[in-house]
Structure formats: structure tokens, C-alpha cells
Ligand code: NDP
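The chain below stands alone, shown as C-alpha cells; this is the form predicted alone.
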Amino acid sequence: MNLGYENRVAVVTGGTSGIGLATAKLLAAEGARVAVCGRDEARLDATRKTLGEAALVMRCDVLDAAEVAAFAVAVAAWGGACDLLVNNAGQGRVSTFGTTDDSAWREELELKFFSQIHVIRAFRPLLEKAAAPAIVGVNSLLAVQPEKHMVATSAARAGVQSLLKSLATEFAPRIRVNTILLGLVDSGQWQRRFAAREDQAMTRDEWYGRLAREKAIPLQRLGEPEEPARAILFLGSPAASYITGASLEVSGGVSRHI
């Protein structure tokens, strides 16, 4: 299936590693012009080499409104418009209600909300210039299936899900807004936890396999970054032209709700 990305401009936040980088690479392979941002200089340099000179790779902290605005200005000068905005920045916080103090709550809520708000606000004028613009928010299954050991992240993710659902109505019919809901996907966060494992004799496959069993994932493995990336490409493409306000689970079947 031709997803229709040839010469379209796609922006990916958190695009220098994991799902963001996998998404950027797939978009480039589909013929899109890709702009990505991140904060780590080493990753930014590696991403420039991976995506080549045709891509725009820029340092930007999505929690800094001025930096996000500067990124949008750079994309406007480089690409003229924005056909697809992928909001991918963010990570999880392991804590219970009892171990989450006020500063941690504020930090988590600010990260989850303003990584969406700053970026959407800055890029909305460029989305309005596109022929068939779309936003895809990368969210977590925690938004609808909270976990007690990630209480702050679960609450923040639920709020973001409500925000994006509201924007799908507010921005219609001009801009489509959809989300993906992630289960466990092999990422830098899980790689760091593997490196810090108690049983150093356990191999990567053994550790990941045990994790999948503990989490009762029906597909018995973690997802690969390219798997949610393919879902993002579909939802952001003209092939999904009658889909807005939807959420697509990419979780290996671990959800328990209907």
C-alpha cells in the first residue's frame, strides 16, 4: 500500500532514538521530508548521519516554549508546512502515590501535558497550511489501564488522552488527531533496566522473556520500535483519512478492557 507520504513534511519530536527514530526512518523510506528534534547532542549527530542531508535535525527541548517556537520557524523555512506532527517525547516514572511528592507530580504532569501543548501550539499554523494534516500522539496504555506502581504517569497519560480526544473535535474537520497506546516496547528505558538487572548472568533474551511472562503479554515478547512506528505512519497518512479521535493499541494484546 502506498501511504502517500512522497514529498510530505513530517515532524517527529523525540526523534533521535527508539520509536521516534524508527518512525523518522520509515517516513524517510516512504519519501517524506522529515524534521526531528531531540536534546542529546550525540544522538542528534547520529540521527543526522542516519537520515542524511535531506532531513532537518535540530536540538529542541519540548518543555521550552521558545525552543519549540524556534524549531517551528526552522521547519517553516525548510519545508513550508507540516503534513504530519508526531508527538513522541516523554518517559515513565515508577512511583506509587505514597512515594510521589508534589515536585514529582508537577514534573510528571508538566512533561506529559506540555510536550503536547507547546508543540501543537507552535506547529498548528504549519498544519493549517497542509492539504491533509494530521497529528499522532504517542501515548501509553497506562492512559486507560493504570498501574499502581506508575500512579503519576498513569494519571498524566489519562489526561493527555482526554486532551487529544478533545483536540480531535476542536480541530476537525481541518486537522485529524489520533493516538497510539503503547504497551511494553523495547526502548532505551528497558535497555537501561536490563543493564541494571540483579542477575547479570541472565541474557537479554532471557530477561526480556521473563519480563513478558511477568506482564502476561499474550504475544510473549516486547514490541520492537518499528511496530508502533508502522501504526503511526498509518494513522498519519491519507490512508486513514476518515479516522480522527481514535486510539490504536500497540501492546501485544496485554490490555484487559473491551
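Residues carry their position along the shown sequence, with the first being 1. Keep in mind that what you see is a predicted model, and the values were worked out from it rather than measured.
What comes next is about the form predicted together with this ligand, which is not displayed.
Colleague: Identify whether this ligand in the model of the complex is within 4.5 Å of every residue in the set Lys25, Gly79 and Val136, based on non-hydrogen atoms.
Modeller: So, no: the whole triplet misses this ligand.
Colleague: Answer for Gly159 alone: is it within 4.5 Å of this ligand in the model of the complex, judged on heavy atom distances?
Modeller: No - in the model of the complex, heavy atoms of Gly159 and this ligand never come within 4.5 Å of each other.
Colleague: Residue-level contact is defined here as any heavy atom of the residue lying within 4.5 Å of this ligand in the model of the complex; does Ala89 satisfy this criterion?
Modeller: Result yes; Ala89 sits at the interface with this ligand in the model of the complex.
Colleague: At the 4.5 Å heavy atom threshold, is Ile19 in contact with this ligand in the model of the complex?
Modeller: Yes, Ile19 lies within 4.5 Å of this ligand in the model of the complex.
Colleague: Does any part of Arg48 reach within 4.5 Å of this ligand in the model of the complex? Heavy atoms only, please.
Modeller: No.
Colleague: Can you pick the stretch from 26 to 34, 49 to 57, 186 to 194, 212 to 220 whose heavy atoms fall within 4.5 Å of this ligand in the model of the complex?
Modeller: It is 186 to 194 that comes within 4.5 Å of the partner.
Colleague: Could you tell me which one of Val75, Ala122, Leu182, Leu84 places a heavy atom within 4.5 Å of this ligand in the model of the complex?
Modeller: Filtering the options by heavy-atom distance leaves Leu182.
Colleague: Which residues within 54 to 81 place at least one heavy atom within 4.5 Å of this ligand in the model of the complex?
Modeller: Residues within 4.5 Å: Cys60, Asp61, Val62, Leu63.
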